[in-house]
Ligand SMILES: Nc1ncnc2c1ncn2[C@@H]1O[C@H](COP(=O)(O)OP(=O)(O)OP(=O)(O)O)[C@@H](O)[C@H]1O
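A lone chain, given as structure tokens: the form predicted on its own.
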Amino acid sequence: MKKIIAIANQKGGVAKTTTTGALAAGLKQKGYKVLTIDLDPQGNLTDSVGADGYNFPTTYELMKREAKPEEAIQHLEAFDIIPANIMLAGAEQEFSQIGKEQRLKETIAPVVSQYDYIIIDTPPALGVLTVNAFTVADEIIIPTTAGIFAAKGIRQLHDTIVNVQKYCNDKVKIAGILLTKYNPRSNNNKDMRELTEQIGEYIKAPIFKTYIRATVAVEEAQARATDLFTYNGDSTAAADYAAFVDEYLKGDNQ
């Protein structure tokens, strides 16, 4: 079953890029064909796996229809990727024509059938790039830290999803909310988990049972431009993300 997944939360620092890379690498290790799309002008996903964001076409050229997806895809050991760089920051002003929400969907259409999973890393904003991701996606995964502002931001994200469902993609749904950088021994984290669960109930979004514990291995892997499992498969974060991949696949196959 082919599926396009958007990883989204308009709040920064909640491990969107880490989750995108770990989910993609975990699925690839299980034998699936995986493509990631870096839709964040910061290009953190691109940098974190050592992709080239400047000497090859990127999502910017792709969405401007100046390059074909076959030209933009880089085949890496961890997974395939369409990279991004800072040029994508001008998308809000440049993509202003009618149908701007459909640009990503239209441009990647020729390669969708080649992959089992396409995973999109979105920017920390609810603008045209994130809406493009939601318009092409089947599902949305929302990473969030156990903090009051991150939890409340999910409601704003939900409003955007509802509008996309109404006007652009009535089939997209929230697959679940994933708690990241979580400390199960912290009373505050436990309280925030309860708040997140309440918000999840409010927006009718499940909370993944798996949570991702904080560990330096994530930043170390990104600094070395390699995926988490290859860098340190014995780390707590690698174990947590492996469990998350299993949990996601279990729900996906039901």
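Predicted model, so just to flag it, every value in this text is computed and none were measured. The first residue of the shown sequence is 1; numbering continues from there.
We do not show the form predicted in complex with this ligand, though everything after this point is about it.
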| item | value |
| --- | --- |
| This ligand in the predicted bound form: contacting segment from 66 to 74, 23 to 31, 49 to 57, 36 to 44, heavy atom within 4.5 Å | 36 to 44 |
| Gln222 within 4.5 Å of this ligand in the predicted bound form, heavy atoms | yes |
| Close approach of Thr210 to this ligand in the predicted bound form, 4.5 Å, heavy atom | no |
| This ligand contact at Lys181 in the predicted bound form, heavy atom, 4.5 Å | yes |
| 4.5 Å heavy atom contact, Gly233 to this ligand in the predicted bound form | no |
| Heavy atom contacts to this ligand in the predicted bound form at 4.5 Å, residues of 10 to 32 in sequence order | Lys11, Gly12, Gly13, Val14, Ala15, Lys16, Thr17, Thr18 |
